[in-house]
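Here you get one chain, nothing else, as structure tokens; it is the form predicted on its own.
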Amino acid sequence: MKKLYCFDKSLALFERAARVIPSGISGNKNPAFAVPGSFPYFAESGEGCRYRDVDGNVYIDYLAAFGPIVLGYKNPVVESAAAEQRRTGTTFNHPTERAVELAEKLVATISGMDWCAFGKNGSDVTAYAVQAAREHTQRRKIIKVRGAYHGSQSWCRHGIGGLIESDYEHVLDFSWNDATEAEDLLLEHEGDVACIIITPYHHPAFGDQVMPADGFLSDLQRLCKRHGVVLISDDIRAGFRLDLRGSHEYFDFEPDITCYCKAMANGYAISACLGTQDLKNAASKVFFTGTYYTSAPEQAAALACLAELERTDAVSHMMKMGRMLMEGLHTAAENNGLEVTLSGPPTLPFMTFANEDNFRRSQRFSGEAAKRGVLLHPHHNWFIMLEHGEADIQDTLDVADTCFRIIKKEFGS
């Protein structure tokens, strides 16, 4: 029998970190968000779809650094492009030619977009998109989906420390797939709504993913045009895993602004905001800058990553592997007398147990899988990489079958 993983060094490092870093590990990488004691806390390295922690445990990884690793860890083409740029420098007084090349590439790739600006994180560009919409419309209100995540800025994270009421007093929530509720907000605040910001499909933490109902996204598009409101697509999580032209192509709607990060550079820190010609003047009036926004190796990495996604037809392969994983998990659960819900697109799958709402089964399942070399998050959607192959999926399903048996024994059906 294979020895289960232990996390002694992770735990010791976390004790050290807690003395000098608030919370020890911040944000969604804090162990409390996963399964404390059954998940790694600190990374050592990665290669392909394998991730190694500081205890030397190796995993088939479906977290993908929470999305950025789309080709696979240490992809040689991307690493070579970044290294070549580093030889001449990283951050300068001014942008390099890579900035122009990447902006041209993205405008040519993402359908319906005419201009591009760069940041480092997703929160940078969603905040910029909202500011550009406010400048364009000269209005205050932001409408977003209840429970949606658009970054760490104060306007989109109610109920977390350090906020005051005025941070989000102009932010209005509506229910996913309810265009009528969105329309009611537009009518109630007629003439004061700058934008509706959405993700192309709904992927809340601690919940099943929900695809757009027929007509929902086109209804939002129609409402925005009728009321002179900017429609923003936050494509940071799903971008380049559904359609290289943007997830709005996959779901057939036309945003005015769309935002990218995560998968665009295979782990390098870069984000992008793209928009239509009508918004270009307003976007130019927003002061959007950061010392490292023009760092050239990340832009070179993004150019290489996009080229590799195209060359390898990566989306098709990831869709195939994601379907294999989702179908295999459903079958394995059923064979063990369990009912699970598999949600989301195949390239960004997620699984919950259908007969619970407290995630105890999910936490136990994911914790046991981690101790056997497979990283499947209990509260956050997963990610398929180009490097995931059929053998990796089958190994994952073999581990899942063992974990389902444990769940059945401890919790019953």
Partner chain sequence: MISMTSQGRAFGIASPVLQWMGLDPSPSIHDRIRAGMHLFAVLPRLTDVVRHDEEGRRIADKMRVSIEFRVLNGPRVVLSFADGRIKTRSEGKSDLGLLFTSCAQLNNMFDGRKVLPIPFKGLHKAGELSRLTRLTEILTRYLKPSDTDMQSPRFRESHVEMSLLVGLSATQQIALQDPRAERIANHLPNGTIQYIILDGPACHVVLEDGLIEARSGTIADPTTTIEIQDIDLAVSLIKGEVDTFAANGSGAIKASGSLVLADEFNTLFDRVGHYLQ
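Positions refer to the first chain, counted from 1. Predicted model only: the values in this text are computed from it and were never measured.
Omitted from view is the form predicted in complex with the partner chain, to which the following refers.
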property: Contact residue in the predicted complex, chosen from 346, 367, 48, 31 - any heavy atom within 4.5 Å of the partner chain; result: 31
property: Among the candidates 84, 334, 165, 310, the residue which, in the predicted complex, approaches the partner chain to within 4.5 Å (heavy atoms); result: 165
property: Candidate stretches 61-69, 352-360, 383-391, 48-56, one within 4.5 Å of the partner chain in the predicted complex by heavy atom; result: 352-360
property: The partner chain contact at residue 11 in the predicted complex, heavy atom, 4.5 Å; result: yes
property: Residue contact check: residue 115 to the partner chain in the predicted complex, 4.5 Å heavy atom; result: no
property: Any non-hydrogen atom of residue 206 within 4.5 angstroms of the partner chain in the predicted complex; result: yes
property: Residue 160 within 4.5 Å of the partner chain in the predicted complex, heavy atoms; result: yes
property: Residues from 366-395 in contact with the partner chain (non-hydrogen atom within 4.5 Å) in the predicted complex; result: 379
